[in-house]
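Only one chain comes next, encoded as structure tokens, the form predicted alone.
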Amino acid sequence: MPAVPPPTSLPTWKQAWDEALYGERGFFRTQSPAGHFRTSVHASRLFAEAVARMTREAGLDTVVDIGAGRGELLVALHEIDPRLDLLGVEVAARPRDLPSGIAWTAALPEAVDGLVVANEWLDDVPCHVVEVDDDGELRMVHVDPTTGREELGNPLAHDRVAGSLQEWAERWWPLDPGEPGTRAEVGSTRDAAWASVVERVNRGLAVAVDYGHTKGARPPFGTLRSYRDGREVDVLPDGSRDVTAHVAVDAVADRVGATLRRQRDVLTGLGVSGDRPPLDLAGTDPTGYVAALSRATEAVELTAEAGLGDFWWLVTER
């Protein structure tokens, strides 16, 4: 029996997403991420101090930053501890003002002895999007990159190539056939991407930091979002904006044997404290009091519930 041609000529969400972020004129090749969204790295130097402390406490002297943006974390680490060997991995060209002591590459290193960190990288690893149709079948979602218009492809059950996507969804993001329109972002590409990173660590730690969800709390209609110029905008894989989706962190952790922890717990354990400085310090050392108060305020942001503190840290020791 001949294969049934797909009912649409539009690319899949993953294909459009890949091109929008990493194509020749893709978002991450042409745009500075810091100009469009704010991460823990941009929120406070305390984040870099915690990464430096984690590195030293593990007896390591190398940090590899995957999805390094324009090197913001690496520059802070270089200032905090110039003895660290630092490497940024990013598809964009090396920033012109990056200190000479920081190495830069577009390809993952073959082997690492040290700490590998990826802060808000996995959410930008494109993945397939699937949806339950009116007949209860799970179908691939296709999208027009210029308009955002979507169409459904063939049922996954009728497509041998897509069978692994259905298996992943059934295990990690099961959808009710009686709920047409519900959808999942199939995280198998994220699982594989992070597994490839972890496998390169000979001795050290692999740490992925991201927003995400677990099997008991999957959003019924997915989490695709776009950001541009510091605000959320319509989701469109046209290269003009970021396209992101929350990470199924439990699936990634299962693939690599990672421990899952909340950012507030990790950073607190690394000495990031939002406790206010003693008030009498304001009288004896006003400048020191203001500085300490500023650090406490930044610490509160990094560890806040319903905010950055809810981010997940996936930590794998090798």
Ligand SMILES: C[S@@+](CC[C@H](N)C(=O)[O-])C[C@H]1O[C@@H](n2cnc3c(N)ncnc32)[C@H](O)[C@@H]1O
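Computed from a predicted model, the values in this text were never measured in an experiment. We number the residues from 1 along the sequence you see.
Although not depicted, the form predicted together with the ligand is the subject of the following passage.
Trainee: I need the one stretch from 166-174, 67-75, 230-238, 138-146 whose residues put non-hydrogen atoms within 4.5 angstroms of the ligand in the predicted complex.
Mentor: Looking at the partner contacts, the answer comes out as 67-75.
Trainee: Given that the ligand is left out here, which of Glu131, Asp159, Asp81, Glu120 has a heavy atom within 4.5 Å of it in the predicted complex?
Mentor: Here the answer is residue option Glu120.
Trainee: Looking at Val51, Val272, Val41, Val252, which has any heavy atom no more than 4.5 Å from the ligand in the predicted complex?
Mentor: It is Val41 that has a heavy atom within 4.5 Å of the partner.
Trainee: Is the gap between Phe37 and the ligand in the predicted complex 4.5 Å or less for some heavy atom pair?
Mentor: Within the cut-off, so yes.
Trainee: Can any non-hydrogen atom of Ala192 be found within 4.5 angstroms of the ligand in the predicted complex?
Mentor: Answer no; every heavy atom of Ala192 is more than 4.5 Å from the ligand in the predicted complex.
Trainee: Indicate whether the ligand has at least one heavy atom within 4.5 Å of a heavy atom of Phe28 in the predicted complex.
Mentor: Yes.
Trainee: Would you classify Val91 as touching the ligand in the predicted complex, given a 4.5 Å non-hydrogen atom cut-off?
Mentor: Within the cut-off, so yes.
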